[in-house]
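Shown here is one chain on its own, the form predicted on its own, set out as structure tokens.
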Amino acid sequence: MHQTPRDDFCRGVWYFIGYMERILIGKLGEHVGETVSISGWVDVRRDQGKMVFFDFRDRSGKVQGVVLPASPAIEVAKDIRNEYAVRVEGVVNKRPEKNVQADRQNGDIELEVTAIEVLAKAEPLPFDMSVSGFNLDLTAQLDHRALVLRHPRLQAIFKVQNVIIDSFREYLKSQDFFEFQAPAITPAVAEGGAEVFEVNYFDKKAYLSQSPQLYKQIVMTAFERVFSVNKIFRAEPSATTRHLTEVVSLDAELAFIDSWKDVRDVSEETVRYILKEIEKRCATELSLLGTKLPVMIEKTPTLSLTEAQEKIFAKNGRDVRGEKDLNPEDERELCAIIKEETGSDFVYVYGYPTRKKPFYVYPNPENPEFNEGMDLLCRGVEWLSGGRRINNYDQLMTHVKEWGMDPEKISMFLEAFKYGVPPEGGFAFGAERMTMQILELKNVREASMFPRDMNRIDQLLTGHPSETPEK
């Protein structure tokens, strides 16, 4: 095979760069005056004729590079496009004072490029991926998910979500909670209702889990304080901006409580820790997304369902007193009232009708028609549900019969409660909904990396968007 001088040059570049240890772009400020090797993508390319400027990015950030006319890399630089994966060698130089961009990462340095190796080529982009030019609507973003995940705005969303999940784990572990993983296939429905996905499990009928609830209660009876981060599945025929079919559920359960208020207090401190960690670790992402964290005051307001409905009636004259739950409009109005009265973006609501909640929720001993379940609302949307659970076996069995459940299908769960289960309770967050509310996103699908709903399961895996339009 005939080899050209260009082939020899590119091969030589590979050998030359390959022996140098890779430096992350975020660490380049520690190597001023040194020759370094970086690897990443071409984020921006600007051909100035004799010189070519680049913005290179990797997982740690971005840096500007310049290929000077006399550089051995100038010919390679002329052929490179955005999103090429490259290995680059160059000298880290301080920028002249007049060119320093103090508000940008690596705004005080520049990489003088001496060699470039193309690791993978990229086709011309189908749309503008720059920060200023990116204007795809949500449907188009989801149709091109494999590409748009590279965009800084989407990466910011999921970096914040990553901190939410990490912080949930960190705080509960600091409080001596034990992590476990619940199964996704279950023989029975934990929360009742028909909105479940049935699975052909060999010759038996099973379901995708709506919740790890029954399993976390079982594990709690052995480890006392437990939590899990699990995928759950809801077959709700809903295509609203608040609902997904597949959700990451952040669940916790704890024993030896005195009342449901103990559960509320642990959940409140968990949220407080999560918000502080986001503030500390995600300042750049919050700035890029143009959002402020919700306000959590020293003690989050707590109202009974009846008190919440009375507030709505007194403020707006809309009478929802006596309703069995808060609807989305009620939640928005209540949060607005609490914000105006206290400055808090959060409010707990407790004391729902017992028959409107799952069989395991603890009825109020003084008024058994209402239970000791609770919800946490923030900025007009429910974040959390939880409360005290029934720990008495006979009382559980009574509810199982009243709720029309088959005790054989939850026999493992019931067995645990035959043998000394103390007063206990727990709570669960939806990671996507928390992300949506913290970042003030308009649609929960923006907060799911690969959202599942009534209309979508990764369309691009089954055909081009123009061939498989969203129904």
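When you see a residue number, it is the position in the sequence shown, counting from 1. Since the model is a prediction, treat every value here as computed from it, not as a measurement.
Keep in mind the form predicted in complex with a small molecule is missing from the figure; the text below concerns it.
ask   = Since exactly one of Arg225, Lys216, Arg87, Arg264 fits, which has a heavy atom within 4.5 Å of the small molecule in the predicted complex?
value = So the residue touching the small molecule in the predicted complex, by this definition, is Lys216.
Exactly one residue in Tyr171, Trp383, Phe370, Tyr350 has a non-hydrogen atom within 4.5 Å of the small molecule in the predicted complex; which is it?
Looking at the other structure, the residue within range turns out to be Trp383.
Tell me, please, which stretch of 76-84, 116-124, 238-246, 327-335 lies within 4.5 angstroms of the small molecule in the predicted complex when heavy atoms are compared? Checking each option against the 4.5 Å cut-off leaves 238-246.
ask   = Is Phe56 close enough to the small molecule in the predicted complex to count, meaning some heavy atom within 4.5 Å?
value = Close contact is absent here: in the predicted complex, Phe56 is far from the small molecule, nothing within 4.5 Å, heavy atoms only.
_Whether Leu439 contacts the small molecule in the predicted complex should be assessed with a 4.5 Å heavy atom distance threshold; does it?_
Outside the cut-off, so no.
| field | Residue contact check: Gln161 to the small molecule in the predicted complex, 4.5 Å heavy atom | value | No, Gln161 is distant from the partner.
Point to revise | Ala428 within 4.5 Å of the small molecule in the predicted complex, heavy atoms | key: Contact check for Ala428: yes, within 4.5 Å of the small molecule in the predicted complex.
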